[in-house]
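Only one chain is included here, represented as structure tokens and corresponding to the form predicted alone.
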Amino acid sequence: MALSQKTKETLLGPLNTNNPIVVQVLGICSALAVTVQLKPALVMSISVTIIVALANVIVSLIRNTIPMRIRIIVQLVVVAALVTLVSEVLKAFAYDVAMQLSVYIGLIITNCILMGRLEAFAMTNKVWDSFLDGLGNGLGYSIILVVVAFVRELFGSGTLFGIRIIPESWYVANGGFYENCGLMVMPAMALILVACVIWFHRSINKESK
């Protein structure tokens, strides 16, 4: 089934031209907090994508029955229920990662991307479009997290997903020439890398225009 131009923009726009992190500058906190290693960053990305997509669907389904004066409360209840469910699933099947993510899974409830999409899109659009919007924004968020985590873990620890990538023989302690960059595992480096991604993204889009 061919997608209309509007549908394509809803799904693909957040991956590039309307990315929630590099364009809207939302969801920055988790991008800084969980990107020391690739595995927790990937799990956080999947969790946020699932939650924002499902929350969009649920709110879109009940949007016509929600009194406007309590809509934010209803949205928070929907998100909180989904976050609790995801948190329990992680503790059951990926306990180590759940412990690494710690309070940040719970803080998905306050993620600006979620509340922004519910208020700006799901409250006024149909279920299918809302699902695509949630999926697109979740994937757009995920791309940035994975890129930042990839760089930080590789150059900060010499590993990816905990697997040694840079050989031990390369390290100075073993007679080699390489040392891990300690700055990469510090929160400040996450901010610098996100800033670099924003600069690169805007430079590319400026050239394309």
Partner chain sequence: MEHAFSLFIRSIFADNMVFAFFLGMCSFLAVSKNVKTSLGLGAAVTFVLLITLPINYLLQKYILSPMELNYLSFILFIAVIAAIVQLVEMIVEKYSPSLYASLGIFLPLIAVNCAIMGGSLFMQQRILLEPENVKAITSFGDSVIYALGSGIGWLIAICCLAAIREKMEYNDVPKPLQGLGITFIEVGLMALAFMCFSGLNI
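Numbering follows the first chain given and starts at 1. In this text, all values refer to a predicted model and were calculated from it rather than measured experimentally.
Below, we turn to the form predicted together with its partner chain, even though it does not appear here.
- Of the listed positions (123, 139, 115, 132), a single one reaches within 4.5 angstroms of its partner chain by any non-hydrogen atom in the predicted complex, namely 115.
- Site residues 104, 107 and 203 are all in contact with its partner chain in the predicted complex, judged by any heavy atom within 4.5 Å.
- Though the partner is left out of this view, residue 33 does reach within 4.5 Å of its partner chain in the predicted complex, counting heavy atoms only.
- For residue 194, a non-hydrogen atom is located within 4.5 Å of its partner chain in the predicted complex, even though that partner is not displayed.
- Interface membership of residue 127, defined by any non-hydrogen atom within 4.5 Å of its partner chain in the predicted complex, is ruled out.
- Although the partner is absent here, residue 22 is a contact residue: one of its heavy atoms lies within 4.5 angstroms of its partner chain in the predicted complex.
- Here the chain stands alone, but in the predicted complex its contact with its partner chain, taken as any heavy atom within 4.5 Å, falls in 178-186 among 49-57, 141-149, 157-165, 178-186.
- Along 60-87, these residues reach a heavy atom to within 4.5 Å of its partner chain in the predicted complex: 69, 73, 76, 80, 81, 83, 84, 87.
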